[in-house]
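Consider the single chain below, provided in structure tokens and representing the form predicted alone.
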């Protein structure tokens, strides 16, 4: 009998056109994982997007654009099970069941909730309508736990900002199994996502669309050059300690804007090009114009096949809708089995309608 494949799960919110932070922070690893002997589930977290929605947003359009970019970057919907969170409505049912065993105090310790509270004017939760944080945002860890547990995931690659939520999902699974004396839920393991956290083009700590400091995978050459030229650079090169040209020794010593440029150059350009510009910096040469033009050229070289793949004849809205339907059919049986086992364990019995 063949050994059961390890299940790996990861998700990303629908944000439309993707940027380099998305690629080096997640997509690159998704592509690498699909070539290993694992069952990879990748979902578009459109329910999660609603937790912070202030008005109607066309998340479906965003989803289609994202998935066409995924495919253009090398993600294969025949090797990986790529689905939309909302196409698995039993996730909402498991979210409800898990909420019955989740304490408010536990949720208040969640980083997402605490960050939202910190952003309130003065941290005030005593307005005329009480705490303005939505139930959905406060319950974000429960919904994330439902995403993980419903497919019986073994491993969940996450960055440091999401590690707590995987730990909370594991705690919920243990609590559920113990309380109802069952093994309905598998205990997932959070693993470090071997990913690079790219700074924004403005030198900020994180690249993002909402920060307006991103470099898009579908940006055309004119836009790329415009963005690169806005990256802040100091006028006087400073000394770099040590003799090594290794990025780990050099980049942390640079001003934020230059650190962005050299990080991208190290990722995209041949090593000799990167080291040549390190040398120019060491010698105090005037070269920033050349540096930015060179970086723009290598960005365009990287973007070109992705742009071509995005617009390829076989990668269109209809093909994306088709594989979303096919992959939702693949993941639904295991998801329904998990929910039915939880219903049975809690004592309400299996769904008569689904049966």
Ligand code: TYM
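Numbering follows the first chain given and starts at 1. Since this is a predicted model, take the numbers as computed values, not measurements.
Same protein, other form: the form predicted together with tryptophanyl-5'AMP (TYM), not shown, and the subject of what follows.
In the model of the complex, tryptophanyl-5'AMP (TYM) sits within 4.5 Å of a heavy atom of residue 148. A residue is said to contact a partner when one of its heavy atoms sits within 4.5 Å of a partner heavy atom; residue 176 fails this definition for tryptophanyl-5'AMP (TYM) in the model of the complex, lying far away. Contact between residue 45 and tryptophanyl-5'AMP (TYM) in the model of the complex is found at the 4.5 Å heavy atom cutoff. By the criterion of a heavy atom within 4.5 Å, residue 88 is excluded from the residues contacting tryptophanyl-5'AMP (TYM) in the model of the complex. Per the 4.5 Å heavy atom criterion, tryptophanyl-5'AMP (TYM) in the model of the complex is contacted by stretch 22-30, the sole one of 22-30, 52-60, 315-323, 295-303. Proximity to tryptophanyl-5'AMP (TYM) in the model of the complex, defined as a heavy atom within 4.5 Å, singles out one entry of 271, 161, 220, 183, which is 161.
Note on the partner interface in the model of the complex: the residue among 264, 207, 72, 98 having a heavy atom within 4.5 angstroms of tryptophanyl-5'AMP (TYM) is 207.
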